[in-house]
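Heads up, the chain shows up twice below as structure tokens, two forms, tagged structure 1 and structure 2.
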Structure 1
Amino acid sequence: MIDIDGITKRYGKATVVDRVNLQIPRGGVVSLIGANGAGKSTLLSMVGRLLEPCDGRITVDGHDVQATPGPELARRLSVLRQENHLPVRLAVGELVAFGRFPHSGGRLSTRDHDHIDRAIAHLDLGPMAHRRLDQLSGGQRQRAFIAMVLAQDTDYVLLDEPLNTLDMRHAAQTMDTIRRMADDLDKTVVVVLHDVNVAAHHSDRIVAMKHGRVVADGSPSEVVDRDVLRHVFDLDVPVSHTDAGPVAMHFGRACTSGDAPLASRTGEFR
């Protein structure tokens, strides 16, 4: 389990993440949603020890994220950043092999090669394993980075906006891959997403943030709700309920200062 206890992150006088408490049990896909600047990526980065919190504590299966030695933490938890800066002349197989570094220290064993081969196969990258990253489409390149994370073979996988810059087809393929990681490989995936409908369709749980705080936390049908989304995005978003789940109609009406505060009409969301 990932246990987030009172986590806060400040930059000067600006509080970006504000006393967040959250527990993420093993299994499934958890999506973090919210407007730009809500604190989603910052929270994910602190869970992955890419950023140090100002206050609070995060543990992964009881291991303190800040105190656990790096190689040990990297065998439990893997992170895919929003932006990855690696040489574009790197081949796909070489990129995926980086995921085994916490286990191999750079000296790949037969077991390491097995994990690399399985990750490449799981992402359907076999025909392009020897191609360079600059020879791939955006969607193929993103799949290669996810394969690298998958080869790391951790129980917990953190993905920061993995759909960024992808078209509809490649975004759908990527989310299908993420879903299969949870269902077929028993991973716990925490993913930052901007599209609430994508989150609703592919997630077991959605956590919504606003101004650095968690303001809604529940199943897709509980969070992809007109009143909840109005509170989260300051936008009046009609929601339709279909056999496949809730669908938010993005062409909503922006809330104005004259609108009654949501909390006064519906209570506080959590």
Structure 2
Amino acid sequence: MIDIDGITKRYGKATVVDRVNLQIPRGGVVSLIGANGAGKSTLLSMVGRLLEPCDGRITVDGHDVQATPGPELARRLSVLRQENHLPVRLAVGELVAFGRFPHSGGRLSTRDHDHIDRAIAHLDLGPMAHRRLDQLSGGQRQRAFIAMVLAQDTDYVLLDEPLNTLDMRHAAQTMDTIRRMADDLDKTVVVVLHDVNVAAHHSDRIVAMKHGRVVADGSPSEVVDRDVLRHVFDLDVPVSHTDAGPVAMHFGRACTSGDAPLASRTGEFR
């Protein structure tokens, strides 16, 4: 279980994550949603010990993330940040192999190779396994990094907007992979997503943040709801209920603040 207890992050006077309490039990996919600047990445980075909180404590299966030795935590928890434009000249296969570093210390066993090959296959990277990262497209590179984290084979996986550069097919494929990581491999995946419909369709639980706080937390049908979304995004989003679950119709929408349709509001500035 990931236990987030009273976590706070401040930059100067601005509090960007404000006393967040959250328990994420073992297993399943948890989506983190919220507007730009809501504090999602900051929270995720603190859980992944990339960033030190100003206050509070985070434990993963009872291990304090700030106090546990790096290599040990790296076998339990992996984290991938939002931006990964690395200029390094590594082949995709090499990068994915580095996902095994916490386990192998650089000496790859057959088991390590199995993990690497599986991760490469899962993310559809076979044909470009020998190509260098600096010669790939943004989306291809993103998939290589996801494959690296997959090869790391940790119980907990934190992904910050893994879909942000992916095309429709690879986005769907990646979400399937994430789903399978939870269902078949019994992993716990916490993923920041911007598309609430993708979040609703693929996750077991959705946590919504606003101004550094958790403002909604529940099953997809509870969170993808007109009133909840209005509060989270300050945006009126009609939700229609389909066989595939709730679908937010976030096109042709209106702003709640002032209640004027977006189109006419931008019209004022012309």
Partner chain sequence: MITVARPAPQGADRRYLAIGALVLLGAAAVSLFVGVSGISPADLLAGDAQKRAVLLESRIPRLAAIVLAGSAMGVAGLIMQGLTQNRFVAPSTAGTIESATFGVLVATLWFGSGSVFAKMTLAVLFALVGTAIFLALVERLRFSDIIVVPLVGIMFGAVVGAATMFFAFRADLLQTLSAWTTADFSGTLRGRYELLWLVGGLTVLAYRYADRFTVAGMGRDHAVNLGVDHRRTVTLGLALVAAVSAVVVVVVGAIPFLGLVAPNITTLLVGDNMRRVLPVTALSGALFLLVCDILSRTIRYPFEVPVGTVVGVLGGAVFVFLIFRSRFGAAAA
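Keep in mind that what you see is a predicted model, and the values were worked out from it rather than measured. If you superpose the two forms and keep the largest set of C-alpha atoms that fall within 1.5 Å, you have the rigid core. FYI, numbering is relative to structure 1, first residue = 1.
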**Message:** Just to confirm, one of these is the form predicted alone and one is not; which one is it?
**Reply:** 1
**Asked** Does superposing the core leave residue 134 with a CA shift of 2 Å or more between structures 1 and 2?
**Response** yes
**Request:** Inspect the rigid-core superposition and answer whether the C-alpha of residue 123 shifts by 2 angstroms or more between structures 1 and 2.
**Result:** yes
**Following rigid core superposition, Cα shift of residue 143 between structures 1 and 2 in Å** = 2.3
